[in-house]
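To begin, one chain is listed below as structure tokens, in the form predicted on its own.
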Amino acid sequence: MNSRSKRLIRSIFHIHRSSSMFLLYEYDIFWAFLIISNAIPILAFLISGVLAPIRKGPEKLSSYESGIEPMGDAWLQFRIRYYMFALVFVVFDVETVFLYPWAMSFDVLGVPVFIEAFIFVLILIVGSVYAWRKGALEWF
């Protein structure tokens, strides 16, 4: 290849000798996606705010209970155990998300990654035993 064809290939594929050069045009699709994904919900809220009818009255201020006349105060205090139970569920759900890719590529990764995953599961078991002893897993 002569130098002219090399320059042509570099200009077509944007290959530069300096690999540390940060090229913004490679991220155009990312910026377009980011702008569009932020613009759609903002526009939806703005359009619904402009087009929605505004009617104030006692029925709007009452709590909705499936068409049944509300009884008592709508603001009830929930026990903290429900939130703790949900938090423990989320932790183990995220554990599954982390362990699934590891399990799919177990044969490629080898023993060191098995040891890391074992330590990860061991930490989660210690955390679940701690939550169990504190009573966070009891429903009533």
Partner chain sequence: MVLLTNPIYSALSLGLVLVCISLFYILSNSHFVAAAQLFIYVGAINVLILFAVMFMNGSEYYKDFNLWTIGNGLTSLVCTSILVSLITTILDTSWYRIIWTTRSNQIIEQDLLSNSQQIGIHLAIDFFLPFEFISIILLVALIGAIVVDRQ
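Residue numbers count along the first chain shown, from 1. As the structure is a prediction and not an experimental result, all values here were calculated from the model.
The same protein also has a form predicted in complex with its partner chain, omitted here; what follows describes it.
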| query | finding |
| --- | --- |
| Val108: touches its partner chain in the predicted complex, heavy atom cutoff 4.5 angstroms | yes |
| Its partner chain contact at Ala44 in the predicted complex, heavy atom, 4.5 Å | no |
| 4.5 angstroms heavy atom contact with its partner chain in the predicted complex for Val50 | no |
| Proximity of Ile35 to its partner chain in the predicted complex, heavy atoms at 4.5 Å | no |
| Any residue of 88-123 that, in the predicted complex, places a heavy atom within 4.5 Å of its partner chain | Val88, Phe89, Val90, Val91, Phe92, Asp93, Val94, Glu95, Val97, Phe98, Tyr100, Pro101, Trp102, Met104, Ser105, Val108, Leu109, Val113, Glu116, Ala117, Ile119, Phe120, Ile123 |
